[in-house]
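The chain below stands alone and is given in structure tokens; this is the form predicted alone.
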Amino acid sequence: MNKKPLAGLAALLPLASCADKAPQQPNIVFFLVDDFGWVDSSVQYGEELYPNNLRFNTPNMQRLSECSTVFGNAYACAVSTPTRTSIMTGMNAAHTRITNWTSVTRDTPSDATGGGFWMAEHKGSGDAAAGDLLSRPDWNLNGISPEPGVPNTQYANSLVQYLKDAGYFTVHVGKAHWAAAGTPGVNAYNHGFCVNIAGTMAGMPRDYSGMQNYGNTKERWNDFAVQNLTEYYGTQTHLTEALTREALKALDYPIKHKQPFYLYLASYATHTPIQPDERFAQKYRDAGMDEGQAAYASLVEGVDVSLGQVLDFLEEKGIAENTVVIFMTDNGGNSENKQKGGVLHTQNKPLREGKGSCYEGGIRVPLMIHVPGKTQVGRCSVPVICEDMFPTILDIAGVRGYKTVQELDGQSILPLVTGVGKGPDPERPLVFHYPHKWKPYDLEDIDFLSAVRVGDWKLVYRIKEGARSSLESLYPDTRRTAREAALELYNLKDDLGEEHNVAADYPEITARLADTLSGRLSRWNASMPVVVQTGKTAPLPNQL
């Protein structure tokens, strides 16, 4: 493939390959937010508005919801990179084997049991800490690759390349985080983007402040410093505002040349570090929030204002009636980070837990889609998932008959928006897989989890308990107790907060969902953690 400069070294390619093609297709704006929870706005995604929906000022999200199909049962992965790579490839994360976030450095595990990012941060080493039951799985820690043969990657054709080939002017702004540095997948241009602003291997910003050059100072620079924003250095411009301005500047070219565009605006907010956007923070302090809560609230409002600026721009340029807008987040809200203030593990209520977890708080996310003149406005309850975005966006763009080197798992959900055609079966299985230890300390409801949802039923597999039940060194009663603890069954219609495990009451449904989850994981050759004592991979749920 034709190699391009590394992402972050240049914002604009020569535009010849992206110019002067004018098929009659709608513009598409994909507005992706980071670590933003299901109840972090005033938009009603659930059956009712919950107290947490009323914490933040989000009038522009509300504005978009009033002309969109609002998906109340939309899902992403538990952490960032798996979602972002599923969007780009149309594959489930268990299928790509990209089940955790990619490190900034090639061939370096990012999980807490991997001897890489977290171990380096916390002065540890090795595949598992002393006394750990499980060590990290063999996974595609280098992310996706547009070229074959790159170790520890999923080779795939990119969604964006198909759009570019169909005549779209493709713009990336903000967080990329698809692959590790030193691999072709880290480069936005290699995926088909005509413009790349600030997209690198980094999964978080070094700093949100223009006064700190977004981390590009001699004292503070590291791989997370945000690139391509030099004109804002030394100013009061918050990162979210700078990225929004640059995104709208990048659209001048396709608008002038009457070319359809695809804008992927992936905000770094609301990821850590939780630093206040001082345009908005003081009113939340005045309302009685602690500093962490006020800082997070200000990041949320900054994202909302960014969305509003994009919507206003589309109207001012007279292109709103031909521009599809998709609003989504990459995983559930972070509920265990002290920087956010408040009470840990409660920020996503009524959902259980948050980012990193396969419980609803970690994977159920906001999703709105507006297709001008064709949208069935209102709430859609059909469960959908992040890999659906690949075929959906190509469906919106009118791209047909494409062939991919990868097997697609997603289905177009455009029929659910327009009411034309057949959408996904509400009973199709949706699989979630996080076979990792997230942090260098134990997080019981976050680490080593898999899950499957079928209709209203959801099975959660606690892999650590499954591994414990496989150890012959345990007494029979202990092994039996571990087996029983490994599988949890919830009826989400009746128990949104996953408070009542009914596996013992519905053994046939539990067994059926265990077979479904095991079948998918087995067919996809999904990564599983290793039982330290035996050196074998942890059992699948139907092997207990």
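Keep in mind the model is a prediction, meaning the values are calculated, not measured. Each residue number is its position in the shown sequence, starting from 1.
Below, we turn to the form predicted in complex with another copy of the chain, even though it does not appear here.
Participant: Looking at K283, R279, H257, R428 here, can you tell me which has any non-hydrogen atom within 4.5 angstroms of another copy of the chain in the predicted bound form?
Facilitator: It is H257.
Participant: Between the options G167, P415, P350, G455, which residue brings a heavy atom to within 4.5 Å of another copy of the chain in the predicted bound form?
Facilitator: Contact residue from the list: G167.
Participant: Do N228 and another copy of the chain share at least one heavy atom pair within 4.5 Å in the predicted bound form?
Facilitator: Answer yes; at least one heavy atom of N228 falls within 4.5 Å of another copy of the chain in the predicted bound form.
Participant: Would you please decide whether V399 lies within 4.5 angstroms of another copy of the chain in the predicted bound form, comparing each non-hydrogen atom pair?
Facilitator: Although another copy of the chain is absent here, V399 would stay clear of it in the predicted bound form, with no heavy atoms inside 4.5 Å.
Participant: Quick check on E246: any heavy atom within 4.5 Å of another copy of the chain in the predicted bound form?
Facilitator: E246: yes, in contact with another copy of the chain in the predicted bound form.
Participant: Residue-level contact is defined here as any heavy atom of the residue lying within 4.5 Å of another copy of the chain in the predicted bound form; does S357 satisfy this criterion?
Facilitator: Although another copy of the chain is absent here, S357 would stay clear of it in the predicted bound form, with no heavy atoms inside 4.5 Å.
Participant: Whether V195, M201 and N216 jointly form a contact site for another copy of the chain in the predicted bound form is the question; each needs a heavy atom within 4.5 Å.
Facilitator: Every residue of the spot touches another copy of the chain in the predicted bound form.
Participant: Have a look at 461-469, 257-265, 447-455, 372-380 and name the one stretch with heavy atoms inside 4.5 Å of another copy of the chain in the predicted bound form.
Facilitator: Of the stretches listed, the one contacting the partner is 257-265.
Participant: Quick one: which residues from 174-192 get a non-hydrogen atom within 4.5 Å of another copy of the chain in the predicted bound form?
Facilitator: In sequence order, A181, G182, T183, P184, V186, N187, Y189, N190 come within 4.5 Å of the partner.
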